[in-house]
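Here's a solo chain for you in structure tokens, the form predicted alone.
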């Protein structure tokens, strides 16, 4: 790849993560044209939206040839697990196009909880003790549950849109949850269930960008999954995020790199698994020791909305280094400030919610970044089109100020049924 080539780029996805990526990509002098498929009302401000679904590989390939695309960046996990990287690399007409996203085999780190746990065991990566059981081994799974102390963690093996994890307090509840999974609650994703010991600690997300040999570590973040304040109520896709994470100091992050990031990248290389893209490490800090809860094979959402504002480097040049296989020669510049994001969601989310509600007040948010998650344009107006609608991100030297600026601006954006958490970052105060 010509180091000075100005590229046409295609970003795949339609959420807040993709708007944050599009916002960052569009700042690069190395980009001639940026297309987003299918995008949302926010990504349209950073590039050109294209009405193609994330899993329509044939249409994406045709479009890439038609618009002379040089690089494809894959936002969500589903097309990666379905093999979009392999589709491009295995097609003679498309293989010159660089894809930022792992092979189908590499995407199993997220696509199969069982694959991920076995990988961690092989490469001595710290993770919770576990057992993995197929649908015809319900009795053995029950016996394994009896060997653990409560609470009990059950995970559907496959992709379940972030909803395939159940934590319960009694063996009876665990047996019932197991039976529901094996009975099709999560479809084929629940044909295998991973049962884990429960880890007591505080969670965070760490991100690396790798070419399969080397890596750079991006800013870490902490997100807030529960719908209710004080981390109560059902899990969502994420109600807000903060970066950096005050309890993840230099010593802790050194352990993360040495025991987890490096061993993961080396493990992929040793096993001959092609991997060029993001790795998301879902970690828990257990008495100052990092332990892996899960892998994702893409950036998190809403973490991307706090990670991207803190990256001072040209993201496209880092992508270019991934494509060329020389990310090890690059360093990443990170802003020292805190980024805080507050997510505005539709009334009823994470259950059923209406769409098409007009959004007011977007023009009033001058001192922060507004990333669209579930929005669309209809008759010249921006309307809601998802459960998570808008992420409001603020950057400041003080974490508390960043949180208050994000919250103040969130309050200026209105739509029928709007809800947001006013306590993002509440559990980090004691570490400041």
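Remember, predicted model here, so these are calculated numbers, not experimental data. Residue numbers count along the first chain shown, from 1.
The same protein also exists as the form predicted together with a small molecule; that form is not shown, yet it is the one meant from here on.
Checking 318, 153, 359, 120 against the small molecule in the model of the complex, a heavy atom within 4.5 Å turns up for just one residue: 153.
Residue 165 is the only one of 165, 273, 81, 208 with a heavy atom lying within 4.5 Å of the small molecule in the model of the complex. Heavy atoms within 4.5 Å of the small molecule in the model of the complex are found in one stretch of 171 to 179, 253 to 261, 349 to 357, 190 to 198, which is 190 to 198. At the 4.5 Å threshold, heavy atoms of residue 203 reach the small molecule in the model of the complex. Looking at residue 294, you'd find a heavy atom of it within 4.5 angstroms of the small molecule in the model of the complex. Mapping the unseen interface onto this chain, residue 310 falls outside it, with no heavy atom inside 4.5 Å of the small molecule in the model of the complex.
Interface membership of residue 104, defined by any non-hydrogen atom within 4.5 Å of the small molecule in the model of the complex, is ruled out.
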